[in-house]
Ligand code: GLC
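In structure tokens, the next block holds one chain alone, the form predicted on its own.
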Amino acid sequence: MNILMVASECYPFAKTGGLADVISALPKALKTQNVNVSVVLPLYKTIKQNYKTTFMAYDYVDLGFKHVYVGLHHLKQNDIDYYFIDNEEYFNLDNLYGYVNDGERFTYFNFAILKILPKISNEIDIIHLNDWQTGLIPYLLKTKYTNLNIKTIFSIHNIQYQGIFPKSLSFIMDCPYSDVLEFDNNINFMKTAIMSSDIITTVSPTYKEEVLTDYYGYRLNNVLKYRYDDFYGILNGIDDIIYNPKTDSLIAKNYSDKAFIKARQFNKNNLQEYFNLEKNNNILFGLVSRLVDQKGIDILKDAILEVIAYSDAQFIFVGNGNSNYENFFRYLHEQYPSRVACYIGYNEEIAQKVYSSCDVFLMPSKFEPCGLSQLIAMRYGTLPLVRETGGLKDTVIPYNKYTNKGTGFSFRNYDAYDLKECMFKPILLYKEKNIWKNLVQQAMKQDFSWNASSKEYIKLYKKLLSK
């Protein structure tokens, strides 16, 4: 079985979000189960600067009147073959996305992969595609590259981002403007992939059901209902080798699920000292997130002042995004310098210290397709506090005061009052040290590796090849 994984980012080469972590970890998990898998990415400027790739071949694709160069580079790492599509006009840029010609850039990426595919391998059985940046490939296989006879799986990581561009893009595609491409007199890459792929997946069972509704489906819910029999929800995992409190070199003191109390207290004091917070053993809340509405920052903003006023809790906020939210967290730090810290931006070392030091990890998301942060937090013994949506609902077991079972805390309604009430639950429970210790152990013993999820993908691959 030969799988070609195609995506616009992959850790450690290029990353803006959780997609990069998935494309890093899933191929490695598949490889351990004797699946021959390789990965194709754009050759971004940062990859050129930081990695030594080997030039393999070149070709050209025609986009409208343009005869465009396609370079193919290769790098083997962790027993995975990574291939990179090289074109300086489209990818030798400072950022991965956000350019006015993103539609043209990723149209090129889709065409380039299929054009140069024979120089990668003539034995590809399935192309596994990820998010809108790869969404034209299933359509092209059915309309322009029919000789390749390759099956496709398309994974939706976040349906909010669909790749919608003017229909004039069909000119450079040299394709008729059809119902499959059409969306409000535009071209929609994600809709095209949903309509054209053999199988569609998304990143958690609950999110699969959510995106079939008007509220969560971002106007593609009816298209997904049309393909319902070919639509699956498979929970993401995390790389349990990278995210391992026993071996993580970025945290102050390593520990295991059997012996963690002294080490985590040491880590907490280390982090408090780093941010000039008062060194104590009060409950510490952490947040590592994009500061946008989707992540629930609006209701957190409305809830937190009362939590600060009526508790002795401390808070560390790490992230960037909406400038109003950034300024609000700066304001909180100025008002409560011994209790509230913030880091505006993203820093991997600080993030790992938050996971290994805080007592509660905040994820009050409006929607969350899967979420990886809550999985990492539990791996490190930080109990997540989440809204019951998407993968958060699928992975966090809310604390039950009658059985003392659970791996975190949750609330249902997207409402600042409900969030505030939920935040007081761990604040009160934290004083019950034996109960808290048991909850931490329960969280750390959860298996969120890719082992189980990769087996689900293999089942789909086999099902697809048996048709």
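Computed from a predicted model, the values in this text were never measured in an experiment. Position 1 is the first residue in the sequence shown; the rest follow in order.
The same protein also has a form predicted in complex with ligand GLC, omitted here; what follows describes it.
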Q) Should residue 236 be counted as a contact of ligand GLC in the predicted bound form, where contact means heavy atoms within 4.5 Å? A) yes
Q. Would residue 193 sit within 4.5 Å of ligand GLC in the predicted bound form, counting heavy atoms only?
A. no
Q) Taking heavy atoms and a 4.5 Å cut-off, does residue 19 contact ligand GLC in the predicted bound form? A) yes
(Q) Quick check on residue 352: any heavy atom within 4.5 Å of ligand GLC in the predicted bound form? (A) no
Q.
Based on heavy atom distances of 4.5 Å or less, which listed stretch (214 to 222, 368 to 376, 105 to 113, 300 to 308) is in contact with ligand GLC in the predicted bound form?
A. 368 to 376
Q) Of the residues 137, 203, 386, 358, which one places a heavy atom within 4.5 Å of ligand GLC in the predicted bound form? A) 203
Q | Heavy atom within 4.5 Å of ligand GLC in the predicted bound form - residue from 167, 290, 393, 151 | A | 290
Q | Neighbours of ligand GLC in the predicted bound form among 143 to 180 [non-hydrogen atom within 4.5 angstroms] | A | 157, 158
